[in-house]
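Okay, so here's just one chain, in structure tokens, the form predicted on its own.
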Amino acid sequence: MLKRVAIVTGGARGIGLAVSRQLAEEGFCLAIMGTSSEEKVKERLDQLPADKGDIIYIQGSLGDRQDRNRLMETVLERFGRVDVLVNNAGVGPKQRLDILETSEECYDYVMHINLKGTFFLTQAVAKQMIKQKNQMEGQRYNQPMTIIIISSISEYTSSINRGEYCISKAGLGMVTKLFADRLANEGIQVFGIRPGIIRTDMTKTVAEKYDKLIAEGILPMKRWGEPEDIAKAVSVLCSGKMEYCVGQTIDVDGGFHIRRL
């Protein structure tokens, strides 16, 4: 049976690594994009439960057009198709500053990767998926094609000391809706995931703050989220079992989104 092929951006650490592991366990071929050198991530990738030939790593920045093009060329050369895209890569501001002090350089850095890079990689993958669909019309192999955009609770939650990050994530919410609308009739499902307080390198520096908030009851489920919680949601969304769903964004946040009195 022909294996499905998934691209996971930022797939060698944190949430992305958990997603890569989940999809490898389910038999996917993986194309993982990250900014670290292949040597630096080799040990992690070697531990993924997949045959060596089923995983490729592409070093590059999501915000760089040439790197995105090289990613697509490498994937198609090795695997010949793309069935799933998990847009996970993202950055926080290099320095947390009050929005009255945010610099244009920091704003551009975050938006260039989180929003612009995700938009144009999604565009490229969507075009490839449509091409595949047209080529495979009437043939036996007809696996579901899915695009997932991983955003954040910062999509709708104000953090005035990292406004550029919140704006980028809010933009991803609309990117999800737009591509879901455009691609639904092409047989391509687009979904969003909004992670909550997840234990990753990005939250490590503010762990004490979140420990306190969780203990005080900011979440109905009084625990940190783990990268594996997001990976399981990705698994469900790209399973093909939600055939009449498109454009939904799933909150994987321990209930943070519930308004309570």
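Residue indices: 1-based, along the sequence shown. The shown structure was predicted, so the numbers you read here are calculated from the model rather than taken from an experiment.
Here the subject shifts to the form predicted in complex with a small molecule, a form of this protein not shown in this document.
Using a 4.5 Å cutoff between non-hydrogen atoms, residue 21 does not count as a contact of the small molecule in the predicted complex. Shown alone here, residue 89 lies within 4.5 Å of the small molecule in the predicted complex, counting heavy atoms only. The closest heavy atom approach of residue 27 to the small molecule in the predicted complex falls outside 4.5 Å. Within this chain, residue 202 lines the site of the small molecule in the predicted complex, having a heavy atom no more than 4.5 Å away. A single residue from the set 191, 179, 79, 165 has any heavy atom within 4.5 angstroms of the small molecule in the predicted complex; that residue is 165. The stretch from 47 to 55, 232 to 240, 214 to 222, 32 to 40 that comes within 4.5 Å of the small molecule in the predicted complex, counting heavy atoms only, is 32 to 40.
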